[in-house]
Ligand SMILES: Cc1ncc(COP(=O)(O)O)c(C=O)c1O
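Just the one chain here, laid out as structure tokens, in the form predicted alone.
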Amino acid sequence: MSNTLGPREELFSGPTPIQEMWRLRAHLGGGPRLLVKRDDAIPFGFGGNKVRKLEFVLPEALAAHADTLVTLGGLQSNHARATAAAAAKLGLRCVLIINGAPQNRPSGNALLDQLLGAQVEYISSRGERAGAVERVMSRLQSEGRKPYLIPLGASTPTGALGFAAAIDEMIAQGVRPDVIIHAGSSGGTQAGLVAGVVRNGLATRIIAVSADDPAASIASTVRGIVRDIPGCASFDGEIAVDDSMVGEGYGLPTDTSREAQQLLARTEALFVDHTYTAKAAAALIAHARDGRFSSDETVLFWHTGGQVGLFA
């Protein structure tokens, strides 16, 4: 399948729901209209934002006649799980380079990686990723295989096209919010959302809530990706990143993420994880309470998934 953004390997069909968050808004005492875009409800491979990116990256792998997908991430990486699922669906092998120690009894995404048949290569830290990628790719090539490397989070200009397309999807659903707030880390989701807004001439502000890195670092990465997306080479607009919710680090819960996790479950029956979406929800709640959104605005929380992390 293809569209104006380029070749696309369809992993799911139809738009993900956009729902009102009436009870959360009431709990917060009013304020802006609150919506949620349910990418946690993507039916393929337990869903999440990585599926959208992979739809645009996979045609490149298939065009290169790859027989093995290689990617990297943390022990409970949503991206690694989605890549393993895509490989299984397409009949490809998958090798995951995972920083962390193997679990005696795999849980969460690590369990799903195993069920999907992925081969896992463990490394001890993020700092070893580059060397491990080179080693694994060389080994696979020496074995006569045709590996295709998907960078961290599929956060490339091609991967970001998945979220440029998602903005088209949102508009087709009749929604043009004033603000979109979402969890961010490797930059591809925000880059795609920004590109989609630019392509459609929207005034929507895109706010990424960092799961780990400083705001300036993420913004720089996002800007570089956006400028490599067709039609956005001259982009010089704002890249808004909120790094106030990181706490003690990646994947570590905070008081505000715990509150957000409980509040979304008890008001909207939405499940968010402490690595990404609970921290993004915490930022949404904090901004609403602090009056940083006006009551006549529409704010959309883009739920990027990650609920498998609740069972890790």
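Just count from 1 along the sequence shown to find any residue number. Quantities reported herein were computed from a predicted structural model and do not represent experimental measurements.
What follows is about the form predicted together with the named molecule, which we do not show.
Among residues of the shown chain, Asn78 is one whose heavy atoms approach the named molecule to within 4.5 Å in the predicted bound form. By the criterion of a heavy atom within 4.5 Å, Gly196 is excluded from the residues contacting the named molecule in the predicted bound form.
None of the heavy atoms of Thr16 is located within 4.5 Å of the named molecule in the predicted bound form. Contact check for Lys279: no non-hydrogen atom falls within 4.5 Å of the named molecule in the predicted bound form.
For the options Ile167, Ala183, Ile98, Ala118, the residue carrying a heavy atom within 4.5 angstroms of the named molecule in the predicted bound form is Ala183. Stretch-level contact analysis of 134 to 142, 187 to 195, 228 to 236, 110 to 118 against the named molecule in the predicted bound form, using heavy atoms and a 4.5 Å limit, identifies 187 to 195.
Contact annotation for 296 to 312: residues with any non-hydrogen atom within 4.5 angstroms of the named molecule in the predicted bound form are Thr304, Gly305, Gly306, listed in sequence order.
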